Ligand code: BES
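Next up: a single chain in structure tokens, the form predicted on its own.
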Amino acid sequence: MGINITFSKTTRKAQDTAVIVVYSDKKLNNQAADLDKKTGGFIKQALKNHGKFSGKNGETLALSLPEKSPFTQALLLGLGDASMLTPIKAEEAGGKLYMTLKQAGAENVTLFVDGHTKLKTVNEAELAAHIGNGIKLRSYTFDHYKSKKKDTKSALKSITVTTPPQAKAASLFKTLSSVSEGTFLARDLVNEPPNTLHPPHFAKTLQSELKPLGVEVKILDEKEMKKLGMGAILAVGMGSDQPPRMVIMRWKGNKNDKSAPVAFVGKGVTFDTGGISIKPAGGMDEMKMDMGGAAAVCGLMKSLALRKSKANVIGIVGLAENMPSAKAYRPGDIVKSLSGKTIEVLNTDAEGRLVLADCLTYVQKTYKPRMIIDLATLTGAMMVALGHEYCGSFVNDNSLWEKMEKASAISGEKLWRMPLDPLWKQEMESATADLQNLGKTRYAGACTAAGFLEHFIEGKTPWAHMDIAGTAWRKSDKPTSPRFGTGFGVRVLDRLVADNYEKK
């Protein structure tokens, strides 16, 4: 059960905790000054006495208020230099506030959000909405498999954000919240155990999650994929008792728009042992997250539906389990993809690109999209290059990259453009088949993987490949995301669609 976050112009009764935003100048503005009067100047005096509290972004100071105060306790939330405050920093402050409120035992909270004359890149309504969204993003938990739930008697129940532009803040928060719900779906999918989230179950989950929201969902089973000639994804799933699936999701947000849709493709390897080219045992449990690209696409589709996006969007995910068995595909095999191109398998642990190959071909042949972006936890090489902070992005169109870069800056999900050189595309050509699924050397593995995928992009279709290997899953917390599944990709791609592909 999530926190109830609402917006109001006035203070509501029966709230135990007050949160007051404080900028680096430590002046109490408007609502905060009124509350200070009701406490007999207690808050101002506390600011003077606690010299170590500087008001920097995300910093908090807990105060026990006098008996006659309207609240039991107060928290001062630092927002830093008002002129430097951005929506992303506001969300980070909200995320840190959530953790402090939990530790303080707060149940029902009033959050006083006042603006500042020096605000530049965020107005008062946006500030309130983004702090609220930061709280929501950080409140995510994944405890479905806990036999004993934590005691919720003193859990944080409600937050009333009190701000003068209440209506505007509430409207903006509703949109942000829709995108956060999509992010939560992506996180849930990544966090699910692989014995539960195998390909058939994944596909059914998408039906139950998305169809009620108005998203068209079509599932191709192994028989249909075989009939169509999807030899690449079928090869990956051969070794498993759980057959592969391809799920096509369609959101028609503007039925009057007859132009081609935009398309997003996700790799959904629900568990990756490496197949016959088996991985080391250490850390193999993390390979349940090898469907992070598919999770992001699914989360994006939910976000678009919840906020009633005016765009026409196709989402396709290829779902397979890469297992070693007597039925598994082998190094040395040659498989035929849906495109007709043959692929020599040099390593069965380079399976994600085979899954994507058939998905990319299917979406182009069936829907003729004007733009395609694929997402995949594709290579360890990308993690070596960029770690967990940036997603390496290979883009064949400068205009598309400019749009992605702007969406990245607004959403806070960091993208970094990687080189897409013709030499890496050429390196993926095989001596015995059309292509091979591994580069000819151990170097530039993320780049050669992108070069392989480029072989499946038809004509001059604008295309981007996002290697989210380092960003889909983290072992440490961030201000707006607990550890493990991050839902990376949902927010940046929703922003991309909103700013560039919606009919206003």
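It should be emphasised that the depicted structure is a prediction, and the values quoted were computed from it without experimental measurement. Don't overthink the numbering: it's just position in the shown sequence, from 1.
Another form exists, predicted in complex with the named molecule; not displayed. Remarks below refer to it.
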- Note on the structure: Only one of 343-351, 208-216, 74-82, 133-141 sits within 4.5 Å of the named molecule in the predicted complex by heavy atom distance, namely 343-351
- Query: Quick one: is Leu438 in contact with the named molecule in the predicted complex, heavy atoms, 4.5 Å cut-off?
  - Reply: yes
- Message: Whether Thr379 contacts the named molecule in the predicted complex should be assessed with a 4.5 Å heavy atom distance threshold; does it?
- Response: yes
- Message: Is Met287 near the named molecule? Define near as a heavy atom within 4.5 Å, in the predicted complex.
- Response: yes
- Message: Residue-level question: is Asp272 within 4.5 Å of the named molecule in the predicted complex, judged on heavy atoms?
- Response: yes
- Message: Can you pick out, from Lys279, Arg370, Lys252, Lys157, the residue that has a heavy atom within 4.5 Å of the named molecule in the predicted complex?
- Response: Lys279
- Of Ile334, Leu228, Met383, Met99, which one comes within 4.5 Å of the named molecule in the predicted complex, counting heavy atoms only? Met383
